[in-house]
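Quick setup: one chain, the form predicted alone, written in structure tokens, and binding and motion questions come after.
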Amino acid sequence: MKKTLLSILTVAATLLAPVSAIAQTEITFWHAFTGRLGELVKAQVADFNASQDDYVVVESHKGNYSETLNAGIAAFRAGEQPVILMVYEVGTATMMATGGAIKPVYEVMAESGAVFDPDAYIGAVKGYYTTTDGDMLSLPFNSSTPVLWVNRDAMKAAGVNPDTDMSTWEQVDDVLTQLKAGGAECPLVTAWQSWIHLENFSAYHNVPFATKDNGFAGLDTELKLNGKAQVAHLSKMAEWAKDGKFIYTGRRNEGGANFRAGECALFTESSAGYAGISSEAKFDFEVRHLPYWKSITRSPQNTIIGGASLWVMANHSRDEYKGAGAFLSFLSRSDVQAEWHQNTGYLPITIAAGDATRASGFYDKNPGTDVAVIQMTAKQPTANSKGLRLGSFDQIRGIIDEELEAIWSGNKTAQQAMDSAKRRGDALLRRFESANR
């Protein structure tokens, strides 16, 4: 009798164990992060999974930003799409045009009953991912903006005062001359050349990158990146490249490795470079505001965001959507956002998270870490500085990169390259407009 009872209890325990696991709804989440950022995403997912028993988020790295977007589109066509897909800001218009491929975040949150207040999100960040009616289509996740990173030790080694004001490109021009004369082999390097030196350059100087409010006001937009201001900036950079003052290393963030290794003095890069730089750099560094040309504007406007947002894909179950809503609500919590902001350099997506970070004394202990927030929020965005919403922009960026490389190599003038980029890019915009009327 004892053996029979023991056997029954053992079998019961065995059967009950998987029931608990099966009760958890799986939420698939595809993203583009590796390295330190990948570790931090895994930690967020683990924290959410440990905070409740109803859902389990399963994260998967799907390649770089472009590869992750393409993987998500291909998976949807095959009926194997994840519940949540990270898409970089360049793909926003493409995702909006997909229609039935996505379930808008505002609908997901309303139907799931998750905590969601659109007004809690920073305006400059929220506006990028909302409709003209203010409905949020995707959740801002990793939002960054470009800044100037300074290797103070490299400046000293070249005999240049590291406290030199570099608020304007005119001042940077002088510093680059001093660095080169002082023996610096890499005075300036950049990441994401189109995003920083054309897209953000245009917003920061309050000149249009494209017509129709940079695409926000209609699909019948045309590129304006070949304007006088943009060409002047790229022409100067071409001079720096010829003189060895600007070193080109690649289209994405290849230059990050050079800067983190201490090889370069100045680095234009995302504020999110903080995650890697703070953990790897063996030199004294600081964060400065992105420079502006005083000859173009009396004071800079605001920069625009990069990074990505989280889109909820269509054709999933009600329970999966409830889980997605719970996870997105968790990511928006002030404590979660404040920690993410402080660890990565990405902007806090909510006002409360920014306030909590400031109140904690983090900015006082880590000077410069608030530069990105100030740069984004100091002025009310204009039609030229609220962001870009252009169809096929991933492909257009590829065209821009090709033309910029022609400038750095001396094969084209800045005007020739940007005229070509406009002509080639406008052709893609017309094709996108025709396909989405």
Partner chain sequence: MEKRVTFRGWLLPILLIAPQIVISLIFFFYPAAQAVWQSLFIPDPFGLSARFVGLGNFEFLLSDPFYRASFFTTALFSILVTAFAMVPALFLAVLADRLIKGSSVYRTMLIWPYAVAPAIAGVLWLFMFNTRVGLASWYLGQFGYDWNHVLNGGEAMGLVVLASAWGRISYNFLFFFAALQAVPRSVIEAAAIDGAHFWRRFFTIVLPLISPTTFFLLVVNVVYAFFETFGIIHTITAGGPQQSTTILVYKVFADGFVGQDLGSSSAQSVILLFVVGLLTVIQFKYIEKRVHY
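Numbering follows the first chain given and starts at 1. This is a predicted model, so every value here is computed, not measured. Rigid core: the largest C-alpha set superposing within 1.5 Å between the two forms.
There is also a form predicted together with the partner chain; it is not shown, and the following applies to it.
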Answer with one of Leu37, Val373, Ala406, Val57: the residue that has a non-hydrogen atom within 4.5 Å of the partner chain in the predicted bound form. Ala406
Have a look at Met95, Val287, Ile122, Leu137 for me and say which one sits with a heavy atom within 4.5 Å of the partner chain in the predicted bound form. Met95
Contact with the partner chain in the predicted bound form for Ala281, defined as at least one heavy atom pair within 4.5 Å: yes or no? no
Should Asn384 be classed as touching the partner chain in the predicted bound form when contacts are defined as heavy atoms within 4.5 Å? no
Closest heavy atom of Arg251 to the partner chain in the predicted bound form, within 4.5 Å or not? yes
So in the predicted bound form, does Asn49 come within 4.5 Å of the partner chain, heavy atom to heavy atom? no
Note: the partner chain not shown here; in the predicted bound form, the stretch from 230-238, 251-259, 359-367, 167-175 having heavy atoms within 4.5 Å of it is 251-259
Within 386-400, which residues come within 4.5 Å of the partner chain in the predicted bound form, counting heavy atoms only? Asp394, Gln395
For Ser385, decide whether the Cα shift between the shown form and the other one is 2 Å or greater, given a superposition on the rigid core. no
Rigid core fit then Lys103 CA moved by 2 Å or more between the shown form and the other one: yes
